[in-house]
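Encoded as structure tokens, the following chain is the form predicted on its own, with no partner shown.
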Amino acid sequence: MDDPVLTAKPILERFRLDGRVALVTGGAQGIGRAYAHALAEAGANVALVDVQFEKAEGVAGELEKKGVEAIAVKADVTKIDQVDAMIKTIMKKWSKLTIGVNNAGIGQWVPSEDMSEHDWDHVLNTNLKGVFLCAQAEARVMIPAGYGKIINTASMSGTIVNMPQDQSAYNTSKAGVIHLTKSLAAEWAKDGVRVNSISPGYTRTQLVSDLLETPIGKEVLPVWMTFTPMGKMGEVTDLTGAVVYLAAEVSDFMTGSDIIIDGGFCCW
């Protein structure tokens, strides 16, 4: 029997993504943009998927300067025809899809007694239905290939209930993403498709920074920091090691797992 410690490729090589093709939904800004840069730096060609096409084109340009091929694709992840068109565009460009990062999502602070049906549907459709439609479409090309990595953006909000803000729809959608991840992982493991999720805690993006400048934002920030053992927000770059790990062969025996990166918030 071969000794895997002595016969395996060097560990850093096992993190490389050369020759792989990735898509990142919500890739025009924030966490998605950071994920795209990390995947590109590890060697993957990347499709930036977003409803904000011009911003996605800008990120594609950033990645091309790093020596990889990148394209922008406009798609609303809640629309199955647009999700299918997204996959067709990527397959036409590269003839394969190795990594699907389903990151597009929205947040909302609304007391549950005041929430409209539209509010609820908008959050659940984007954050949960959109992840399912994308994962389904990705798996339909990965399963015949016998290999693929699907990485869903969940949230620590899928594990705990945030305070002091009211966000039951968001929390429910992210809990759904975590369980959907496990369900798809169990179904597709036999086909060589691994499905995992990343659950960020409070992470500084431009949207969050803008929110924290509002009166309600200034009220919630001290509470967030009190309940975060590290006493600070994360940066988008704090998440990128996990996405490269889950995308690379080094994590080939991992599926159905959720990685929480929250500065210790869920320790309490």
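Numbers follow the displayed sequence, beginning with 1. Note that this is a predicted model, so its numbers are computed, not measured.
Unshown form predicted together with a small molecule; subsequent notes refer to it.
In the predicted bound form, the small molecule sits within 4.5 Å of a heavy atom belonging to residue 29. Under a 4.5 angstroms non-hydrogen atom cutoff, the small molecule in the predicted bound form lacks residue 223 among its neighbouring residues. When contacts are judged by a 4.5 Å heavy atom cut-off, residue 90 does not count as touching the small molecule in the predicted bound form. Contact annotation: residue 205 falls within 4.5 Å of the small molecule in the predicted bound form, judged by heavy atom distances.
Heavy atoms within 4.5 Å of the small molecule in the predicted bound form belong, among the stretches 113 to 121, 96 to 104, 184 to 192, 140 to 148, to residues of 96 to 104.
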